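Heads up, what comes next is one protein chain in two forms, each shown on its own as C-alpha cells, labelled structure 1 and structure 2.
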Structure 1
C-alpha cells in the first residue's frame, strides 16, 4: 500500500547532460507528475521535459483585451451618452484621442491580473510552503547539483520501480520526500484567518495613511512648495497693477516679430473693397478650408452653412450663410469677419492662420455655390 505521507522520490545528478538525459527518459517512460531543478536555467530543458506553452499568456490576453474594451466603452459612454459636448467641431467619439488611455488601461489590467493569476492560482498564495523546502535535495540543487523529482500522485508511480528507474539513470543520491503531518490534507488557504487578518491590517493602515498624505501632508510645508508660489494664475486678482487685473493685454501698438498687424481693423467696408484672396482654389486648398471650417465654423454655422448650430442650444444660432446678404459679400469681407468677428461671433485670428482663413473663404464660396449653382456650374 502506498504511503500516504510520501510526496516524491527525488534524485540528484552531477552534470547538465545527465539531468537532460534523465528528463528525456522520464518522458519516454510515461511519467507526467515530475519536475527538474537546477541552480541556473538549462538551455533545451523545456523541450526535454516535453513542457507545453504556459497558459498564463491567455490570462494576459483576456484581461488585456478586457481592459481595452472597458476603456473604450467608458470613454464612449461619457462623451457620447452621458456628457456629450462639441469641442471645436470634433466628433463626440474621437478614437485617435482615446488610444493612449486605451493602451494604458490594456497594459495595466494585463499586468495586474497576470500577477494575480500567478500568485493566487498558479502559486496558490498565501500557501507558500512546499514539501521540497528545507530538504537536503533542495539545498543541493540550488547550489551545484541537478535534480529530478517524481511525485507520488503520478498514475504510474510505484516507489520500488521509480527508485530502480532513477538508479538506472545514474542518480548519485535518491531522497524520499514526505509531507509534514499537518500538510497531508493541505489545501489553498486564501481565507486562512491569519491571511485575512493581514489583509485587514494592511487596509486599515494604507487607507487612512493615503487619505492623510493626499489631503493634509501634501498641503503642509515643505511639501506645498509647488502649490504656494509667487505667481498669478489665470483670472486671479493682482495687487501689483492699479486696475487689479492679473491677466494683461499686450501694449497697444505692439507688433509680434515676423507679423504685420491687420491693416483694416475696425474697417469692414475697406476690407471688403480692397482685400483680394491671394491663393487659388485648388483641390488641396479646398480640403484645407473644409478642415478648418469643420473645426472652427461648423459648430455654430452647421456643416453646410445653414445656421443649424450643432451646439444644442449652448449659444444662439447664427443666420444662414446662404442669405442674399452673405452671398453678396466679397472674399475680403468674409475674411474680415473671420478675422475681426461680428456681433457675438469672436475673432478667429489667433486660432486660424492667415492663409488658412483665406482657404476657409474659398470653402465657404464652394458651399454657397453648391446650393445656388448656375447653369454654367452644371455644365
Structure 2
C-alpha cells in the first residue's frame, strides 16, 4: 500500500466487449482486489472475472439443516415428551405428519439467514457507506458506461503500473478514488450504541403495538362453534319426543357398550369365589395400579396400605390392609370391595375403570407382599 488514503484506481470503458476483455486481462496480471461495474448484468462476466461460487450457499445449507433439526426436535419434544397425545391412533412420533412443518421451517430458516448473512456479513450492515459512492465513476457506470476498479490494497498494486495497464486496455477515463477522512476511521458498526439503541427501540415499539393491535384494536372473539352446538344436553327439553324428555332410557333389554352391570352386587362371597383377575401383573399394569392407588386409595389407606390416613380425622381412618384378614382375601374379593365399597368406604366403580381396578388389585397385592416378604422373595 503506497498511499493509505487511496482506495482504488477506477477506469471507465465504453463497450461490454472491452470490459470483458479488461476483466480477463486483470485476472491474468494476477490482481485479486478488483471489481467490475456495469449498469446491467453482463453474461459471462463472473467467468471472465474468475469468480468462485459464493460462500453464501454454505450459510443457506447450515441454517437450512439447523431449521430441519430444530423443527423435528421441537415437534418430537412436544408430542413425545412434554404433551404426549395420541392423535388418530398414530404413534406419538408421527414422521409423515411432521415433514411438511419440517420443510417449511427449513425453507424459512434458510431464507431468513441467507438474507441476514448477506446483509450483515457480506454487506457489513449497518455500515452503509462505500468508497465508490457519490463518485463520478459510480455515476458513469450506473448509467451507460462499464467500469473496472483495482483496489490499492492489492499486493501487486503500484499506482503507475496500474494506470499504464488500464490505459493500455483502452480506458477512456481513469479516476483516482480516495477514502474520505471518516471512512479511514470506519469500524464495524454493528455494536455501535446508536444502532443497538435503535434495535431496542424498534423491538419496544413493535412488540407492544402488535399486542395492542391484535388483542384490542382488531380483537376477534375466539371461535366457539364446538361449544355452541345444536344438541340436547342432559336435563334439556326435547321437541322430538312426545313426552318432551331430552334424556332417554336405553331400549328395553339392551346394555350399552362398556356398561355391563356388575354381576355380584351385594354378594361378596360369590365375588371372592368366582372373580379372577383377567390381566397379568406386568410392569406397565403395576405402574397403572400404582397411579390409581396413589390417586384414589392412598388418601385414606396410606401410601403403603398401613391405614395412616392423610385426612387428619376428617374421615375415619380405615384399618390396615396388612391384617391377616385382608391378606387372606382373594383378588376377586378385593375387586369387589373396590367396586362396591364396604362399611363407610364408598364404591369406586364410577371413578376407576374396571380394568384399572384390576390393576389396583395387582398393586395392592404387591404392597402386601412387600411388607410380608418371605425368604424366597429376597433371593
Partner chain sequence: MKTPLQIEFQQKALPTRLTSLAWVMIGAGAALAVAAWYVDGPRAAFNNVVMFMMLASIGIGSLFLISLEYVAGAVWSTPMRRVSEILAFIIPVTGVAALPMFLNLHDLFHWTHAEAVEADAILKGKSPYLNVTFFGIRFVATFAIWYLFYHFITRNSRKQDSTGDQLFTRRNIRLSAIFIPVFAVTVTFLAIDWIMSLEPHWFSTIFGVYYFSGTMLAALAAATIAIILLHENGYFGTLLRRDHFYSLGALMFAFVNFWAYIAFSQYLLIWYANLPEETFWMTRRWEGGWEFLSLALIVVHFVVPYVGLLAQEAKMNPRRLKIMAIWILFAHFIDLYWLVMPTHHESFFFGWMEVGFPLLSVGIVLLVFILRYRKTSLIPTGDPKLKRGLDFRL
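A quick note: this is a predicted structure, and the numbers were derived from the prediction, not measured. Positions refer to the first chain, counted from 1. Take the two forms, superpose them, and find the largest set of C-alpha atoms that agree within 1.5 Å; that set is the rigid core.
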Looking at both forms of the chain, which one is the form predicted on its own?
1
Hey, does residue 56 budge by 2 Å or more at the Cα between structures 1 and 2 once the core is superposed?
no
After the core is matched up, is the C-alpha of residue 356 off by 2 Å or more between structures 1 and 2?
yes
Residue 264: Cα shift of 2 Å or greater between structures 1 and 2 (core-aligned)
yes
By how many angstrom is the CA atom of residue 88 displaced between structures 1 and 2 after fitting on the core?
3.4
